[in-house]
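Below you'll find only one chain, the form predicted alone, shown as structure tokens.
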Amino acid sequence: MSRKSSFMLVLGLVAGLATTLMVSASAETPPEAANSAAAPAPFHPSNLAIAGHRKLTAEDFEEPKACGKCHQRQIKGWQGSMHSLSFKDPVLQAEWALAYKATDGKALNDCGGCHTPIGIATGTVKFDSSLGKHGGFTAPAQAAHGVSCDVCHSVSGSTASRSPLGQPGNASIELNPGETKYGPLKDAKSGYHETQYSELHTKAEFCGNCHNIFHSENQFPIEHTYDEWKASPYAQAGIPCQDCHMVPVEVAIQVADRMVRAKDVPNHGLGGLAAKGAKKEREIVHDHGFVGGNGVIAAAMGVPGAEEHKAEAIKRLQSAADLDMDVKKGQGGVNELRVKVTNLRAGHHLPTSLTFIRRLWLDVTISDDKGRVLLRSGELDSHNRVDADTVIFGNHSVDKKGNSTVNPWEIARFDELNTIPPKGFRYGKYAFHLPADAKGFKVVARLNYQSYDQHVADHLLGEKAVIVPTVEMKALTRSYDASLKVAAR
């Protein structure tokens, strides 16, 4: 992606296309039972549903500022988060507009189901061809807040079991806005609204309702962050998404290193009151910034609190992986450097989400003791891109004819898989010659990250509208003597 550094964006949340049928559930039935009844999908191909088949308006949902009057800590985290910008994000708007035009409008519900559930549920999202480079979307204030407080806390159940694949994804949530707010506290009391305990809100499946995206026609998993977690050691240890993404990075690091729940981290410091005027202190009051690897876009848009999100996102990226290396002598005087990249602390793959346009790569330089560069790989060129020989960790997507594509609505499969699973590793391998007169050499390896490939950013927002920032996640320097033994670390 290219844009002015002043409008840098490390982004996320550009939706793929959502899946097929989903059904609404009755307000009287519990979430599990509600999942079984079959009925026409009101927001096909999104899996979004409304309890009791009610007709909703945007005014049925609370404004975040109303929630923030009592839940001050939570609103502070949410402001500037990617959840708060899930509709306004300019990259999402551009990608969504292209999808909308390419699919004759089918992508309206596809992308909107997760990025503005209120807008889709109320039918208030409208396409406007005059917005941006490719067109864009408008919505009333409540819907334009994206994934707001009253989106998540109006979720009364999941429609996952009625989706084509029978699992969370493509906005598989049932909305039931009103006086009752659903959440993870069993004994919550409020003078402003009724409360109801929701076990779903304590589980990774709650997040998986939108952090799994399947193509609406061929059901291919375009984004599968929840599935990556489900197959991970974190799932086996009972550690849900919330224990890493709703706590400060320092606590998330201990969760990953100790493989324990956030509540079991010694001195986690997360206790306190869940709301202004509350009478009971909670063991954990969760942050609502939901910070992952994205944070720069909010800062670029001037959103309050965005700089904190940006700093937190960078800290998370820089704590996620580790590097190691070794050098072996090969045949014919060729040496092989292997750089090992370990996914140390992410509960999903590195990278995750839009794995076909994220950029996670190795930047490696080998130079001898006389200063001669023996190998250079992964250097950014004048267009803010790396060359084709760079070791990139990600997946390559193709359409049904096998042609390369990064358009979510065209993707039929991945023909190359190279993401790094939780607690797993991948190698970057490099062959090089050491000159006969060299007494040693030095290796400098860096693991770098960009939210989007620069070419994608140029296409969506215009050439050089934004220069996609690079975050150095990890760096390692090691010196060797001519016999390939480590001389210094």
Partner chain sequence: MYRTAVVFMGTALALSVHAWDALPATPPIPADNPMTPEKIELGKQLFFDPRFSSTGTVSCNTCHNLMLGGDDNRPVSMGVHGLTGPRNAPTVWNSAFHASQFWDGRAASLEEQAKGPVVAAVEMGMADLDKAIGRVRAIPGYRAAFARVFGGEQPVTVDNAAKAVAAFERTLITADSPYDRWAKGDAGAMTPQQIRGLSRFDQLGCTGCHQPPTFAGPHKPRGHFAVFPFHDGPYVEQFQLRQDKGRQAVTGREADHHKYKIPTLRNVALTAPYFHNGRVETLDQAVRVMAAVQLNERLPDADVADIVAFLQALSGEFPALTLPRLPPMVGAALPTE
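Bear in mind the structure is a predicted one, so any value in this text is a computation, not a measurement. Numbering follows the first chain given and starts at 1.
The form predicted together with the partner chain is left out here; the points below concern that form.
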Choose one stretch from 155-163, 239-247, 218-226, 72-80: the one whose residues place a heavy atom within 4.5 angstroms of the partner chain in the predicted complex. 72-80
From the list 102, 278, 260, 231, which entry has a heavy atom within 4.5 Å of the partner chain in the predicted complex? 278
Interface residue in the predicted complex among 190, 129, 404, 202, criterion: non-hydrogen atom within 4.5 angstroms of the partner chain: 190
Report whether all of 320, 477 and 486 sit within 4.5 Å of the partner chain in the predicted complex, measuring from non-hydrogen atoms. no
So in the predicted complex, does residue 42 come within 4.5 Å of the partner chain, heavy atom to heavy atom? no
Does any heavy atom of residue 119 come within 4.5 Å of a heavy atom of the partner chain in the predicted complex? no
Contact test in the predicted complex: residue 179 vs the partner chain, heavy atoms, 4.5 Å: yes
With the cut-off set at 4.5 Å between non-hydrogen atoms, does residue 310 touch the partner chain in the predicted complex? yes
For the stretch 451-482, I need every residue with any heavy atom inside 4.5 Å of the partner chain in the predicted complex, listed N to C. 461, 465, 466, 467, 469, 470, 471, 472
